[in-house]
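Quick setup: one chain, the form predicted on its own, written in structure tokens, and binding and motion questions come after.
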């Protein structure tokens, strides 16, 4: 009796999902026929194969229910169509498979709101190219529907093609897929970092907003990206060579970004320059400055003590909508930190500086750079990363009124040059001091330790200080082009 029941249990285990019937295995149905059959009620019912099983039937029309793990950009094909590529995954194939769509216009292509959303595909074809399997969507007989991947949302699709027809059993499969996604979200989250966590010479994924794209004269494309966090603070060479610190960031080939571009950048959080030596088809879409993207397998390094991102030959770029789960998560964090101080200074800045305007609000350097008027007075929190000149004899000359000193100041948003003029020099250094006392104060600002004997560190880490700045113009006929910064109302303690 037990032996007779075993074959029956085996048939039940292999039975397709409820209400479905696989046309490719039904009597008289060739593999290339449409994967839909009529149920007892006359309603079309679909056989949704696991992706791994669908790959065993190249050339066949199949139906798939899967999660979208990567979203490509819509581009014009070699012919008259537009094409889009998505990557989908399910329980049977975590590595996923690419699906290529073709349509007469972009409005007919899938518009996926977020990676992790679910797609239902009817009558798509498994193909092989250069030894790799693909899914091809044929605009003549294929159809699709997109559903949110969140388990709490309704089962109604937010987009579907004209030829798409669902069935009552789809809701059950959608629910199963959503429950699987709760514990298996698409993407390699372990490799995903924010700008605040990047490390030199490591590879990672970065979800960020692309603010602007420029092409340098050598053909290299520079992408200015941002995610609302601050890049880690960097250390500087102990040798105080003016060449060891670059000009202020957010420059293009030595020249500042145009003011109209600068004014579109956020005033909080670091903007990272990402360099691409080859053209990614998604980059033209990113030039509009409205897209978030996932940079897969990106690396970074420090150059002139500033962070620089690099797209590798193995890197990929994936467009993300503002409704993508990763984007929503970052936007929520950004909205709670609009007026925050630099992350690196923790709860308070160093106590080595006093400022006149104790009650004045905090302003980032980028807020001042994008201020509507040329002249601007404000209090900020910065590090002194360079000084020119820095020798004691030159500092004494400053106090005597014979010259000025230029400090390079930085915060997470920008780096600027600011001058100490003779009228502010005595105030800044706390009076007319000896050369030894002036050197000691300047070294504290620059993060140079007092112990300079053998075995001393080769790098310095300047402290965060409060500072009062005001901007002015040198030429009224070119106010923005001749804008400069000056330190005032600031005193360095003993």
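Residue numbers count along the first chain shown, from 1. Computed from a prediction, not measured in an experiment: that's the story for all the values here. Throughout, rigid core stands for the largest set of C-alpha atoms superposing within 1.5 Å between the two forms.
Separately, the form predicted in complex with the DNA exists; it is not shown, and the next lines address it.
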| query | finding |
| --- | --- |
| In the model of the complex, residue 100 touching the DNA (heavy atom, 4.5 Å) | yes |
| Interface membership of residue 318, the DNA in the model of the complex, 4.5 Å heavy atom rule | yes |
| Residue 132 within 4.5 Å of the DNA in the model of the complex, heavy atoms | yes |
| Contact flag, residue 259 vs the DNA in the model of the complex, heavy atom cut 4.5 Å | no |
| The DNA in the model of the complex reached by all of 59, 106 and 122, non-hydrogen atom within 4.5 Å | no |
| Candidate from 139, 150, 169, 403 lying within 4.5 Å of the DNA in the model of the complex - any heavy atom | 139 |
| Contact residue in the model of the complex, from 127, 277, 200, 91 (heavy atom within 4.5 Å of the DNA) | 127 |
| Options 175 to 183, 230 to 238, 308 to 316, 153 to 161; stretch whose heavy atom lies within 4.5 Å of the DNA in the model of the complex | 308 to 316 |
| Stretch 72 to 94: residues contacting the DNA in the model of the complex, 4.5 Å heavy atom cut-off | 77, 78, 79, 80, 81, 83, 87 |
| Exceeds or equals 2 Å, Cα of residue 109 between this form and the one not shown, core fit | yes |
| C-alpha of residue 137 off by 2 Å or more between this form and the one not shown on rigid core | yes |
| C-alpha of residue 93 moved at least 2 Å between this form and the one not shown on rigid core | yes |
| Cα distance between residue 104 and residue 322, which in the model of the complex differs by 3 Å or more from this form, closer or farther | farther |
